[in-house]
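First comes one chain, alone, set out as structure tokens in the form predicted on its own.
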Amino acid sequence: MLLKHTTADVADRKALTINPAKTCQPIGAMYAALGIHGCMPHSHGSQGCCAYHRSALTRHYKEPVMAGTSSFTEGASVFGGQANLLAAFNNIFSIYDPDVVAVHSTCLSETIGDDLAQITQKAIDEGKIPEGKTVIYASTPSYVGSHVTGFSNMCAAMAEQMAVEGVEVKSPTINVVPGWVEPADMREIKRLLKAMKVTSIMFPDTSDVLDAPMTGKHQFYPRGGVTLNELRDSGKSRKTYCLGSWASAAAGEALWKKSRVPFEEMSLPIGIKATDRFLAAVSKETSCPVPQSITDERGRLVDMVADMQNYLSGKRVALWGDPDQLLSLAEFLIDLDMKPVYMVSGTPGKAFMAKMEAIVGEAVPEAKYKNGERADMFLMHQWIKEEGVDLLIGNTYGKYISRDEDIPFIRAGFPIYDRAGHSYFPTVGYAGGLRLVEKILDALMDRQDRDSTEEKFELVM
């Protein structure tokens, strides 16, 4: 009801963000850490911070998310959390026996100046890290960046702290840093590469971790995730593909600096063109052809788009979420002859405006888009008040606009708290594109049915 008071008058706000289209860095770092096999994420801060990060991921993935915390009290907040983290290492390895602990900082520990590298080295020197066990760490203060930045920083930490030093003779294996996508998307990317007979290392990899099957037997560390040996071997690979500049490029750059593994930034393979580019690049690098089975998947997607063009053409769409996803989604919507007219992302980054302009500039000259500070859901709602749209695509926080403005709504991205299934069905690749088109058509055709008069209510559409 509060959103009904939103006006169409867009004021220039210099210091106020209302309903930000993002969340904080540690959530992304925790999600990335869960993509390592046998890993216990650890939040170096207060219990409240860790509880929020865990609950956010649990609500989205509908799976229990485990993590440790340094449990800061007033004393640690004033004098530093070194003693808490050293005690945490001892407790975690003694009680939970992970292969690796992935530590990320929080606002509090960053503000007081805790040095994770120094504390970790002290723990190693004092024998608090058992033999054969590993600790990695990433700086992720919540007051800058977003959950995407935290994911990126933890992925870079994996490359910097785990990969072997550069070797002259590279293996035929490629690395894939998949960006912040669902476990099903990571599984789909691996399926496509396996069909091409490409040997790959994906990091992080949350498939079979946050979508692990129910077996009737508790398994503290699910079987999924990139292994420590694979992370080490990533320094021997011939090339790294970073899917999404914001979430993945830092890891590719870190691996290049340490191990001299060349890297290439690519769009998230959402839709036809982005998937084409990714598979073509991998095929060229590895000399592994794209098999007919994948070409057939592409053909089925194109066929569905052609068959249902009259329902898609010209429809105006508003999107919000992570920049990597918005760029690929906007390109795909244009391929569908739809119009992505409004896009906001709370994640900062100077390249967003230029990259979005390259995608929508000629195709949708009336489009409005913004990222970083004040690129929030309030701005999105004001734009919609100015001139409406036919469809909303974004995370759960758009449901208020959908309800108040009576606009069909497709949930995509992070977080999704009020629906299930998003972690099980991919949106990347041609199969993922097919599912996206299905969801778009369902939303638009359901609305047509709802609004049809009796004499125009059709059985066959």
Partner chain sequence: MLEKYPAKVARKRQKAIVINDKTASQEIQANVRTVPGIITQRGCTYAGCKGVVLGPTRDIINLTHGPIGCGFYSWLTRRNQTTVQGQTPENQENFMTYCFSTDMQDSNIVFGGEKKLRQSIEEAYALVHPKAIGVFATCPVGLIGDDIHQVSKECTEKFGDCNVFAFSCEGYKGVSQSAGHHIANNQLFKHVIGTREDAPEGKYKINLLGEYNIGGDAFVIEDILAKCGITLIASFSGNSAYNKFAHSHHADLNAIMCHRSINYVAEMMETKYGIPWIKVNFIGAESSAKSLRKIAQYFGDAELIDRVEKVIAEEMIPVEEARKAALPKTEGKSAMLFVGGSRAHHYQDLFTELGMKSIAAGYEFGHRDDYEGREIIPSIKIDADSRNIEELTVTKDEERFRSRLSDEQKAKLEKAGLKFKDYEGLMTDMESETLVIDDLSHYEMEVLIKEYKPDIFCAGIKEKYAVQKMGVPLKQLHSYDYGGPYAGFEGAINFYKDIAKMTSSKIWGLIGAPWEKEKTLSASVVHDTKPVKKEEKESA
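Numbering follows the first chain given and starts at 1. On a predicted model such as this, the values are computed, not experimentally measured, just so you know.
There is also a form predicted together with its partner chain; it is not shown, and the following applies to it.
- Residues with any non-hydrogen atom within 4.5 angstroms of its partner chain in the predicted bound form fall in just one of 151-159, 209-217, 307-315, 292-300: 209-217.
- Interface residue remark: T58 is counted as part of the site for its partner chain in the predicted bound form, having a heavy atom within 4.5 Å.
- Contact check for G48: a heavy atom falls within 4.5 Å of its partner chain in the predicted bound form.
- Using a 4.5 angstroms threshold between heavy atoms, A412 stays clear of its partner chain in the predicted bound form.
- Although the partner is absent from this view, I407 stays clear of its partner chain in the predicted bound form, with no non-hydrogen atom inside 4.5 angstroms.
- The contact with its partner chain in the predicted bound form, taken as any heavy atom within 4.5 Å, belongs to F72 out of F72, F278, F332, W383.
- For the options A117, A358, A351, I95, the one in contact with its partner chain in the predicted bound form, meaning a heavy atom within 4.5 Å, is I95.
- Using a 4.5 angstroms heavy atom cutoff to its partner chain in the predicted bound form, all of R54, I112 and S142 count as contacting.
- Contacts between stretch 87-109 and its partner chain, counted in the predicted bound form as any heavy atom lying within 4.5 Å, involve A87, A88, N90, N91, I92, S94, I95, Y96, D97, D99, C107, L108, listed in sequence order.
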